[in-house]
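Take a look at this one chain, the form predicted alone, written out in structure tokens.
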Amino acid sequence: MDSLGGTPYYILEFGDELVYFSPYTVSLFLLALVFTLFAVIAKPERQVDIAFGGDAYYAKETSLQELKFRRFMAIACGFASMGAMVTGDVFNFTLFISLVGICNVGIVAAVKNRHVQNAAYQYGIVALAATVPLFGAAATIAATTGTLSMVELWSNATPAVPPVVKALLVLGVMGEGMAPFYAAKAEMFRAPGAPYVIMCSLSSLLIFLRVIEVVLVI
């Protein structure tokens, strides 16, 4: 079985569900793993504000409890991203994408900043709405082909997936943080604490790169 990302190195099956490792998925998986390790071991930044028109500046203090929560959510986002990179099941793929959206909100939800929390709320609404086309696409694939396994869909032994279903899948991924819905997420980057905030952008990029492979081969 050849996928768009190359011949899989290994396919691990759990009944109807499976995980597969190909050159493409392994590279994305390792990228997510590296940034997750950064979130584990890195010390967060101390954000500095500079007064406009003067030399005054001050460093924002972040409580230890807030940092622990945001570190946990960044790690959870990394694990969800890694799962989305190697899963070979369409339903699990959409589930991991939804978890990435939830974790992105969680990374900045603890920040005591009105603008950041307002942006997180708006992004949360968009991410919540994006689950409708995501899971709708997975349900339609199961109904029309009788399977959610990407291996079965790639084998051409099942009925063709309707193009509208692929469009719904891409739309759902876009709603989880890609353009044009990325605008609802932009204000969240006023939150202090890299590398945690960076995980929001990286996770969105990774799932977009993975969905390209999925929609081109199913």
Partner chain sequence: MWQEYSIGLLLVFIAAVVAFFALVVEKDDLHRLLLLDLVEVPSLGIIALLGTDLAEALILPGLVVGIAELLALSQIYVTKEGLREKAVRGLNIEVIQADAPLIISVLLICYGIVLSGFTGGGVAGLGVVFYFMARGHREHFELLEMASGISWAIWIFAFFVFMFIPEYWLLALFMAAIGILMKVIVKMSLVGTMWGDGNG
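Positions refer to the first chain, counted from 1. What you see is a predicted model, and the numbers here were worked out from it, not measured in a lab.
The form predicted in complex with its partner chain exists for this protein as well; it is not shown, and the discussion that follows is about that form.
Within 4.5 Å of its partner chain in the model of the complex, a heavy atom is found for not a single one of Tyr9, Val40 and Val217. For Ala127, a non-hydrogen atom is located within 4.5 Å of its partner chain in the model of the complex, even though that partner is not displayed. Contact annotation: Met82 falls outside 4.5 Å of its partner chain in the model of the complex, judged by heavy atom distances. Interface residues of 83-105, taken as those with a heavy atom within 4.5 Å of its partner chain in the model of the complex (partner not displayed): Phe91, Leu95, Ser98, Ile102, Val105, in sequence order.
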